[in-house]
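Presented as structure tokens, the chain that follows is alone, the form predicted alone.
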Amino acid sequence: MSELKLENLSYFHGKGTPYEIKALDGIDLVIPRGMITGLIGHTGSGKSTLVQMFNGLLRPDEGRVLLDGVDIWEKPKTIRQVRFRVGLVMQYPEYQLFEETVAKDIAFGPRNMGLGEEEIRVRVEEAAAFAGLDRALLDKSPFDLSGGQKRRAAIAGIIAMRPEVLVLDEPAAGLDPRGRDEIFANIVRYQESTGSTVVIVSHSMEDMARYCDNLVVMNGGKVVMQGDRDYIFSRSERLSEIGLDIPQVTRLMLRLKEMGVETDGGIYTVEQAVEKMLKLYGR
């Protein structure tokens, strides 16, 4: 388990040009070890830029990124090793598949780590299982897979490196509800099995409420809130000010409370709401 810490981090798009934009502005942030952290905010809030700082795909213009207390840019020539420790699944990762077979695609990272062929084989099969990818698909071309299967293959390619920190940028974007549930269930199973630190970027408050332990809210290139679900969703007025919302089921339960129903606001999923209603009115 590893901890990421950002200190006074800023980044500019097009720095030094007439089109310079400050994408990240003085961010101080801790990603707790061994937990699933959700990163939420509108398009343009800086989420995707921020996660590319975590493993050195982008270098901050100001501030530091610390991995277990060590600045990842302290020795720039070793940044490749950081990318093995902090695995990043980009948004729409299926467009990054390129090998002849799914197995070779998943093996690409472990092979670059210099592992032996037997270890690579074990990791490919293990990662495919964690990602919910059927073994029968490993010998197929990644371009013959469905959209959901491609997403799983891309996630497996990162998991195969066994990163201490797994970062996923909109891992369920474009999938149907069943596909979303399967992807997130596999991510949770992976985290629980390995104890890894996981970061999920999503625009879905429902997904964040259901799967994340810790939440980070971004707006205008800044972190405006961080805390557990109770802390974040109890501040619905602040979320509304920046154009976000609490989960619909939470809003429903709060409305029922206003109407005199014996419930509370600490309900963030449909399953929790059903359990509460059955306790109140069930047989």
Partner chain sequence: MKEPFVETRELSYRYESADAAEPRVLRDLSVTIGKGEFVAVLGHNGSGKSTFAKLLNMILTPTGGKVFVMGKDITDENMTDEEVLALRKRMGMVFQNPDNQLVATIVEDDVAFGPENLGVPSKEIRRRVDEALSELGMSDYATHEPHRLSGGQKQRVAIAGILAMLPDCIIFDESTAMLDPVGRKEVMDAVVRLNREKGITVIMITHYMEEAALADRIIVLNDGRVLLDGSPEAVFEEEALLRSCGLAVPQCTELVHRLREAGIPLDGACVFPEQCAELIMKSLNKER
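Take the two forms, superpose them, and find the largest set of C-alpha atoms that agree within 1.5 Å; that set is the rigid core. Since this is a predicted model, take the numbers as computed values, not measurements. Numbering follows the first chain given and starts at 1.
There is another form of this protein, the form predicted in complex with its partner chain, and it is not shown here; the text below is about that form.
Site residues 177, 248 and 251 are all in contact with its partner chain in the model of the complex, judged by any heavy atom within 4.5 Å. Its partner chain in the model of the complex is approached by residue 256, whose closest heavy atom lies within 4.5 angstroms of it. Looking at residue 92, you'd find a heavy atom of it within 4.5 angstroms of its partner chain in the model of the complex.
Interface residue remark: residue 203 is counted as part of the site for its partner chain in the model of the complex, having a heavy atom within 4.5 Å. Interface membership of residue 21, defined by any non-hydrogen atom within 4.5 Å of its partner chain in the model of the complex, is ruled out. Exactly one of the stretches 67-75, 186-194, 169-177, 125-133 approaches its partner chain in the model of the complex with heavy atoms within 4.5 Å, and it is 169-177. Contacts to its partner chain in the model of the complex (heavy atom within 4.5 Å) from stretch 34-50: 43 only. In this overlay on the rigid core, residue 252 has a C-alpha that sits 2 Å or more away from its partner position between this form and the one not shown.
Relative to this form, the distance between the C-alpha atoms of residue 272 and residue 181 is increased by at least 3 angstroms in the model of the complex. Shown here is a form in which the CA atoms of residue 274 and residue 235 lie at least 3 Å farther apart than they do in the model of the complex.
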